[in-house]
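Okay, so here's just one chain, in structure tokens, the form predicted on its own.
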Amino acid sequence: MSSYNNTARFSEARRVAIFGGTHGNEMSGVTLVNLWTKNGTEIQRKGVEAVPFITNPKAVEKCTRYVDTDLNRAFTPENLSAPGGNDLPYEVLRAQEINRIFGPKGSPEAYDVIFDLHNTTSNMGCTLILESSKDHFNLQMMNYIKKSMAPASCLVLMNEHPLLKYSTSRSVAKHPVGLEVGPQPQGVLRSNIFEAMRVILKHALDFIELFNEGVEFPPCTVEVFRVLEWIDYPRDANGNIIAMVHPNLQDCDWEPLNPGDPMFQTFDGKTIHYQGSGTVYPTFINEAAYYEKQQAFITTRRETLVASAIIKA
């Protein structure tokens, strides 16, 4: 990226990958990638090589989140450089292979854009996940997608928290974008969720095609929800969960949670209130996959980012 007169210049986004099955039981991405692998007409754009790719085929075959370890946390420098061959966990070996095909991560040879398709059991609707507030190419893409989908909602989750950010499969690319669409149970395919994900990808690929053709995108603002912290379930001394998400909070992703609002309900009916210092916006509320990670929901802060004008270099 270069900058001239406050306009950011990026190289053409010629190589684009669409990942499905990073978690093998999140069926919208698995199904779309399998569909596009058989017939990729829908995802082809002028001057763009769009590659659909099943990232965790063993997990997809078993219809489980992962086999040995979470692939979407496996792209650490340590894992990607680890020796040991077949003695390594399956997902670490797979991360190394994906990094060889689509990376190397952080290099000029890495793919330009990776879209990683996910489903959530939480009531999050259509969500786009970014890993850097300084990536003006991605911010402009978010603005284009959000405007194209209006009046339907499509929110942006920004995770660049130094302690909570994790090493995703999409982080191999220069411009990583996560899609999180729900609610959808694990192992289930819902038509409305499937179609919503499909529409997001259409608009995203349209944006890339326009950018590659030389269209200049003017400065814009993008509302994002910035990750603040993970909140665990209340537990006893042995680590057992002793409370559930409160009915007033359940399914209320992205709605304000104020100090004193009900947060959890113990098994004997007592209410545990939110004790934070100010209003937050929770999401990933009661996500099924996060019980093992000891996470009941995340809190976010709503803010507005300014994206520079961008044009092809």
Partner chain sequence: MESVSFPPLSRVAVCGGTHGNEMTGVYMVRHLQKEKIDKIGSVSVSTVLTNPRAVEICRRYVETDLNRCFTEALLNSPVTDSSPYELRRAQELNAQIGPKGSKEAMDLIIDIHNTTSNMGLCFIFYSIDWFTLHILKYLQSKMASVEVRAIQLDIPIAEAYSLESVGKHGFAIEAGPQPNGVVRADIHNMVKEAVDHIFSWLQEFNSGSTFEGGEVEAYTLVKSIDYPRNPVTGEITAAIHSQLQDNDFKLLQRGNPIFMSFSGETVKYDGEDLYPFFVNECAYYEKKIAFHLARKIKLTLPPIKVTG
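As the structure is a prediction and not an experimental result, all values here were calculated from the model. Residue numbers count along the first chain shown, from 1.
Just so you know, the form predicted in complex with the partner chain exists too; it's not on screen, but the next bit is about it.
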| property | result |
| --- | --- |
| Complete contact of Asn72, Arg94 and Ser308 with the partner chain in the predicted complex (any heavy atom, 4.5 Å) | no |
| Contact of Asp251 with the partner chain in the predicted complex (heavy atom, 4.5 Å) | yes |
| In the predicted complex, Thr279 touching the partner chain (heavy atom, 4.5 Å) | no |
| Touches the partner chain in the predicted complex: Ala288 (any heavy atom, 4.5 Å) | yes |
| Touches the partner chain in the predicted complex: Glu109 (any heavy atom, 4.5 Å) | no |
| Proximity to the partner chain in the predicted complex, single hit among Val188, Ala152, Val215, Leu164 (heavy atom within 4.5 Å) | Val188 |
| Contact residue in the predicted complex, chosen from Ala50, Val67, Ile272, Leu35 - any heavy atom within 4.5 Å of the partner chain | Leu35 |
| The partner chain in the predicted complex: contacting segment from 191-199, 206-214, 80-88, 99-107, heavy atom within 4.5 Å | 191-199 |
| Residues of 94-123 having any heavy atom within 4.5 Å of the partner chain in the predicted complex, listed in sequence order | Thr121 |
